[in-house]
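Just the one chain here, the form predicted alone, laid out as structure tokens.
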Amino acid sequence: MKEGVAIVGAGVVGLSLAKELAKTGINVDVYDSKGDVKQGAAKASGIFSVEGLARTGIQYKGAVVNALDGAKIHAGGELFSVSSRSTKAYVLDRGIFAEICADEAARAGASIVLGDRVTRERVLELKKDYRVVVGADGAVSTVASACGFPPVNEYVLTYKAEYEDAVIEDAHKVELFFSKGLTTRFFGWTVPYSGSKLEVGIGISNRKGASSYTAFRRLLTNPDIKSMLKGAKMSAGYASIIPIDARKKTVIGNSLLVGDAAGQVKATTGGGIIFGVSCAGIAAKCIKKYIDNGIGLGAYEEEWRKAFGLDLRLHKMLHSYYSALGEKRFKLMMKSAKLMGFENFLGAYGDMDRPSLILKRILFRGSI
């Protein structure tokens, strides 16, 4: 048996974990079927909060393509606009971001083996060959399936496309579209990459039993989006799947899960990198203690849920709440929020990743 760790999945989360483990002197081998770490990276949107990126410790700046300072939310004919005087988020080129992570992991001493498809049978072999096997292999995790982890209860199916020569009113704001006629338990969106390049996408719950591409075609009929895409040319399109529920268990024996494989994802937006990388940092410390001192891997389960479980539950609660609202109630909610000054409040104090911090700020403001 090798004394080291096998990580299945050379995405941002898996590579971040590899870097942290290699820095402590642990032998780390990362396996992935893709021939290039950039492959498939563009399937997901590249929006990351400034504060969240800072917490990852990744040298991401070479991947930045745009800066965002707010959002426009459309629902039932009502517009809710959030603006900030400073940059709140960046749009990253996900392929370049993955390359940066791979370079950081390799320089730390991790071995990255690409073009190596890990099957269920291979996972069981890796469990015999390595002290620890980590599944960082996405929503439909082979490691989770092979090792008997409990399933994720709900997924969002997405389809997004990139357009050149789009008409963009504000290149520093995303726009979100909530409509029961367009989507189910999620929303449509536009993300500006520049003054003329635009990402348009939509997500629907797997409970709908429908195609995300069909929902995407419906989204394109929205008048606001039609005006943005007048004369634009589609340059690329991607489908993906996002878990929006954490697995009930993320450690079994000498195997554990991180990132999308664990369901460490914001149910409100489907973003998983910031939480996934943060949980990978916890996993690295727990794996080190397990290998060096024999402290059980179960500490990882306890520690990541203690650190981020509340925020993930709040994201899930918010997702369930807005998913249950009809358009009339959604419109009324936005009107009420505007009257209470929440547009300005969120612009000044909003945190894309940590709703618990927003709640504390609301309570503090209320007490004053």
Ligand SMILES: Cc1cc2nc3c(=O)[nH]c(=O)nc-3n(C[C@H](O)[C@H](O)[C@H](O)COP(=O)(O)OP(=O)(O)OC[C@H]3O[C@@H](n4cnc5c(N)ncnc54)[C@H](O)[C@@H]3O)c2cc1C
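Counting begins at 1, following the sequence as shown. Predicted model, so just to flag it, every value in this text is computed and none were measured.
Although not depicted, the form predicted together with this ligand is the subject of the following passage.
Across the proposed site, T142, G270 and I273 without exception bring a heavy atom within 4.5 Å of this ligand in the predicted bound form.
Checked against this ligand in the predicted bound form, the residues K338, K34, K331, R313 give one hit for a heavy atom within 4.5 Å, which is K34. Though this ligand is absent from this view, in the predicted bound form it lies within 4.5 Å of a heavy atom of just one residue from E99, D93, D116, E154, which is D116.
This ligand is not shown here, and in the predicted bound form it never comes within 4.5 Å of any heavy atom of A6. Mapping the unseen interface onto this chain, S45 counts among the residues with a heavy atom inside 4.5 Å of this ligand in the predicted bound form.
Using a 4.5 Å cutoff between non-hydrogen atoms, V12 counts as a contact of this ligand in the predicted bound form. Shown alone here, I287 lies farther than 4.5 Å from this ligand in the predicted bound form, counting heavy atoms only.
Of the stretches 296-304, 36-44, 58-66, 313-321, only 36-44 has residues with a heavy atom within 4.5 Å of this ligand in the predicted bound form.
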